[in-house]
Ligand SMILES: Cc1ncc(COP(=O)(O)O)c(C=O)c1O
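So this first bit is one chain, no partners, the form predicted alone, shown in structure tokens.
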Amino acid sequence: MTASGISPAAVETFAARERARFLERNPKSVRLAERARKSLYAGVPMHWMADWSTPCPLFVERAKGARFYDVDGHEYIDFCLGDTGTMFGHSPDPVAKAIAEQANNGLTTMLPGEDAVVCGELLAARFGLPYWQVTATATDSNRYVLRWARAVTGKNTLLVFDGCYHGTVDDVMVRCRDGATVHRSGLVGQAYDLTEHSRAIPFNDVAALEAALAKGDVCALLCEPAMTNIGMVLPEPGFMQQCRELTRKYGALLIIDETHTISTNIGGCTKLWNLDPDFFVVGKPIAGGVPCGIFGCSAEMAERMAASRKSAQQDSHGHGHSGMGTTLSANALAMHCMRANLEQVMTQAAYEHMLPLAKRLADGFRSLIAKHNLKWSVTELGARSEFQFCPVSPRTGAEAEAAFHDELQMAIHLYLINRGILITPFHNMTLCCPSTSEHDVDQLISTLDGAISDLLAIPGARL
């Protein structure tokens, strides 16, 4: 029995039809895939790009707003949006203009410009933390914040939630299994035992949270305010406030990673729910699609960070390296684009457009589930929503994972791609941007209705 209630045999019949359709309608992508395998590992510039539902990679020619176009000339409505990397649409005009402006004025100098000052002021005003640093990615931001947390607390153990997503920081690649912390499955080339200094517990479990913190060795709890990568999991009422209270009680810091949940509100869940973190992280959408990450800290953290740096410098006789920063961090191009994005793209008006559309989409998912008498559920948070193969929205990462039916999910995604719609891969999450229209939302609902109808028409589809 699968969590979805749909027969694996029916899914395979359905998927086989869609794979054949994809190969027939995308000859240029097929040829490029064959060519790419001779020079690119796995035939793509980053190996996970080969893990989508398509039988070969779908090659993109251009993208703008809520649309992209493949090399075979097909147009797509994009509800993935670079998995939040282009949360406000592809190539927003102000960001495109900023790129052109900066192109002949220097891309990187290892020195700040006025844009950096303006961005710091805008970030402080928007998110409520006074001091900011700029990195190349959210992974970098999380890695550096973790280093600061260990430095200022003198403790080494990181606490995370089971099923968390914080980029590719080594320390977060753990899961909780039967109450014990273990390595995440599929982890490649891990040389040391991550469980020595990382601890994973279930989301929404206050007792487990307090027990983990009560050991007294936790430097920080690193968390998303709502889980978004294992499948969307929302916090139960008051849970995030208890995270703040209990971290303070046991001398640990609270790090809020809003790289995905920034789609909730102009100030993120942090501002909306008054989370009051010690550190705050955002990555991919902050510069309008140009690689960039940021982290902010409280005034107290800034003082403790300065003391830690002074102590480290004294220990090294004035020489050494903090272990933080890359040459291209806070480069001039990224700073100019971040300023344009914060001032002109990532605005209150943008959220006022996105949020009602996401609500319309979530309601449409619910209507389809009821229409087809499926035991599925819908989880929504701000501009994103997701349908999940379980009757009630999950409350932990383990529950979200148990609801997976990978073959069904990939078959549905491929059906949508073959009809000009893209949603986030690896689960069923969608995101609306300022260029998304009501017609786009209705088109997704109508096409998904067709997918479910075709699937259920296969004999023996229902279990």
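Please read these numbers as outputs of a predicted model, since none were measured by experiment. A residue's number is simply how far along the shown sequence it sits, counting from 1.
Form predicted together with this ligand: not shown, discussed below.
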Where, among 73-81, 255-263, 348-356, 212-220, do residues come within 4.5 Å of this ligand in the predicted complex by heavy atom distance?
255-263
From N341, Q388, S385, N142: within 4.5 Å of this ligand in the predicted complex by heavy atoms is N142
As a check of understanding, the residue in N229, T379, T270, Q133 with any heavy atom within 4.5 Å of this ligand in the predicted complex should be identified as N229
Please check if K284 has a heavy atom lying within 4.5 Å of any heavy atom of this ligand in the predicted complex.
yes
Taking heavy atoms only, is G167 within 4.5 angstroms of this ligand in the predicted complex?
yes
Are any of the heavy atoms in D162 no more than 4.5 Å from a heavy atom of this ligand in the predicted complex?
no
Contact of S322 with this ligand in the predicted complex (heavy atom, 4.5 Å):
no
Quick one: name the residues from 108-140 with any non-hydrogen atom within 4.5 angstroms of this ligand in the predicted complex.
T137, A138, T139
